Structures are given as structure tokens and as C-alpha cells.
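A lone chain, given as C-alpha cells: the form predicted alone.
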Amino acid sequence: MSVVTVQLGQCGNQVGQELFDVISSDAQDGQRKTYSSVSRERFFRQTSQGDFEARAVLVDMEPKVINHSMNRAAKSGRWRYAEASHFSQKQGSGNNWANGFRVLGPRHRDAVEELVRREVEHCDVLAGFIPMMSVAGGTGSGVGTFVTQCLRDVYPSSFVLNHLTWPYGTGEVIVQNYNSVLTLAHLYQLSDALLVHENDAVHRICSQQLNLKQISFGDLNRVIAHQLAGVLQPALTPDSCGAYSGNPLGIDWQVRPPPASAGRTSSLTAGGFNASLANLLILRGKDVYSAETGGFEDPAIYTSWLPPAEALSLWKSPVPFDKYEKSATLVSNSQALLRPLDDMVRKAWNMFASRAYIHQYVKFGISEEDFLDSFTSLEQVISSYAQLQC
């Protein structure tokens, strides 16, 4: 099964290029043919000349980043982007979600959908889509949200996993909180799953674990790409009968409480841990079958209405990932984003209450009512996660 990645805006294209580079390098080892074959089938297609081309569509409203990504891929010597896989214009979105979502996205819908259709036709079996984007800017967030909506409309039965890069809390764009609120509220309704990386958290990894002194966005992107590849590369699942799972998006990413769940509720935001709805733990390399994972089965970290056996998914692969002897990757549906989400909504609301920059959105067709609907949607999400049952 194959995945089509849609790289949107500067951030989506830069992270996407790093991701394909990590996957290509990891799949190159000739001693593990089955693993490599499954990986390449997921993310690449082989041309008649034997070259590997990424199953990707690149979209940006400016050509510079796309050209740079395509050149870097070609210079790797291992893989490349297809020559006709990208779409760009001469003028950006001006860091305005409304411009991207209401104007530029609809204006270029046919061209982008045609690129996606071509990639889909190259897949023997389509597992789904991974739109990659930032939530803070204009093209990634605004056009990205519109493209996700189009994917949902055109491919209603396909799985859509949005990878989102969360901006620094100190601010990268003055209206980033507006853009983030609008993006998250819409994608919460459109997407099957949202996989989020916080720039602040990744920055701490670069500083404290990698001991980098002058940390660039390139450093952040490489860490994000390694973590993403750790999730998406082939692994053995409990129901795969000893064969690598064909679908990298194959777990049920959506967790819903029973219709009439009863039990005590309490806010855990002040506690010593983040309560989890569900966790996916992926172990790779040496000793994966003897690794102790009991801590992830502790009922104390999960809600009362979902047994730990159902809340924890465990994938394993004896094949080392990216030359690491052992590696573990955790994907957690938990309260971890509760505080940054609450802070972002609060900052956006304070700006909205003072009517700062509202006119910049209204002129592109986003009304104050649209803002209020988005605030309401995210407040409900915050409330639900803050009151996890335990």
C-alpha cells in the first residue's frame, strides 16, 4: 500500500524533503530486502530508468523553497521528486490564512487536484494521504486546510493524516495565533488524525540532547523527519502475522468514549503526567521482543473507559532504524498539547477581543462569526482533554 504526501508551504516542503531523505537512506540497506521493498513501495515509485521518485505533490505560492527541495533531492543520488509533481506561483499568501483558504486555494484547486490524481494513479493500492504543513503561516495553513478539504471531498474513503508543525510560543508571525486557531478548528473536522510537532519541544531536543548551539529551522526539520520516519517505516503489528503491515496508517487513530460512559472526571493538568486516551509505541532494532513495555500498560495513565490493552498499540521491527542499534518512537493521544493549545487560543482571543488585524481576514471573506465558530470548536476540545476520565 502506498501513501501520497502533499507538502504545503515552506515548512511542509522543507520537512517533507527531509522525511523522504531519511526514509530513502533507511531503506537503502541491501541486507534487509523485504523491509526495504515495503518501505519503497509506500513512499516511492520506480521509473523505467530505475530512479526512485517520491510519491509526493509539492505546493507553495512561491517557487524558491520548492526549487531548493527538488534540487537537494536530486543531488542525494538516491531519490528525486518527479519533474511534474509541483505547483507554485510568484506571490505568497502574506501569512494570511484567509487569503490561502478563501482565495488562493480555490483559485488553484484544479491544478493541485490534477497533480494529486496523477500520483494516486501511480499507486497500486492507496493507503491514504499525509498533508504536511505549518499551522502558523498563510500557504501551509490556509491553502493546506483547503487542500485537505479537497482531499476529503474527492477521496472520501481514504485516510487523511495531517502532519502539523506548531510555531514557537514566543511568536514567528504576528498573526500566527489567528492562523493556528482557524487551521486547527477546520482540520479537527476534516482530518482522520492530526500528528503534531511543537517547535519549542523539538528545539529542546536539539539543545539538551543533541547539544547544538546555533539551532536553525533545518535542525528542527531533521529531528521532526527522523521522528516521523520512525512512525511511518515498516513495522510488525499484532495482527500482521509476521509480515510487515501493508498500511503505515493502519491503526485506529480515532478514540471515542462509549455513548453512556460513566465515572469520575478530574482535571489532570496540574498533575505529574499527561493522561492519555491512547498510545502507539514502536520499537525497532535489537531486543525488541524482550523489551519491557509494562509501564505503558499502566491503567493509571489512561482513561477509565478504555482498557490499557485497547489503549496501547505496540509495533515492533527487528530491523534497526537509520543505523541506530535500538530506537523507540511514541505517538501519544494525550494531554501533552493541552497547555500550548490553551495558550494559543487565549492569545488569539485577546487579539480578537481588541479587534486587532480582523480587517485583514474580513477582506478575504472570513467573518467574525467564522472566528467565533473556530474559538468555540477549540474550547470544546480543550474542555474534553482537560477533563479526561481516569
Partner chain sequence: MTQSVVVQVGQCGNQVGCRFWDLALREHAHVNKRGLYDEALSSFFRNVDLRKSDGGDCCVGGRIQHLKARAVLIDMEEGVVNGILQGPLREVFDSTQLLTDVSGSGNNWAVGHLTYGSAYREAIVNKLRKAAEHCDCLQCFFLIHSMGGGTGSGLGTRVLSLLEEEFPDVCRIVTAMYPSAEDDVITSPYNSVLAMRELTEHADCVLPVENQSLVDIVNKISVMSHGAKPGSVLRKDSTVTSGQGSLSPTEKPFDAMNNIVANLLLNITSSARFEGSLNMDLNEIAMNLVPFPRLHYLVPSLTPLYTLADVNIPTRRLDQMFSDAFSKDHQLIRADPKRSLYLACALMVRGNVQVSDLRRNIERLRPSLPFVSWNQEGWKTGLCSVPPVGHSHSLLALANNTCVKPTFMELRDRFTKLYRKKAHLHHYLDVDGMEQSIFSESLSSLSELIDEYHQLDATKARLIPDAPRLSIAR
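Numbering follows the first chain given and starts at 1. A quick note: this is a predicted structure, and the numbers were derived from the prediction, not measured.
There is also a form predicted in complex with the partner chain; it is not shown, and the following applies to it.
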Position in contact with the partner chain when the complex is considered in the model of the complex, options 153, 287, 298, 172, heavy atoms within 4.5 Å: 172
Heavy atom within 4.5 Å of the partner chain in the model of the complex - residue from 215, 116, 281, 196: 215
4.5 Å heavy atom contact, residue 354 to the partner chain in the model of the complex: yes
Partner contact for residue 323 in the model of the complex: the partner chain, 4.5 angstroms, heavy atom: no
Close approach of residue 347 to the partner chain in the model of the complex, 4.5 Å, heavy atom: yes
The partner chain contact in the model of the complex: residue 382, any heavy atom under 4.5 Å: yes
The partner chain in the model of the complex: contacted by all of 52, 131 and 317, heavy atom 4.5 Å: no
Proximity to the partner chain in the model of the complex (heavy atom, within 4.5 Å), stretch among 289-297, 84-92, 222-230, 108-116: 84-92
Residues from 54-80 in contact with the partner chain (non-hydrogen atom within 4.5 Å) in the model of the complex: 62, 63, 64, 65, 68
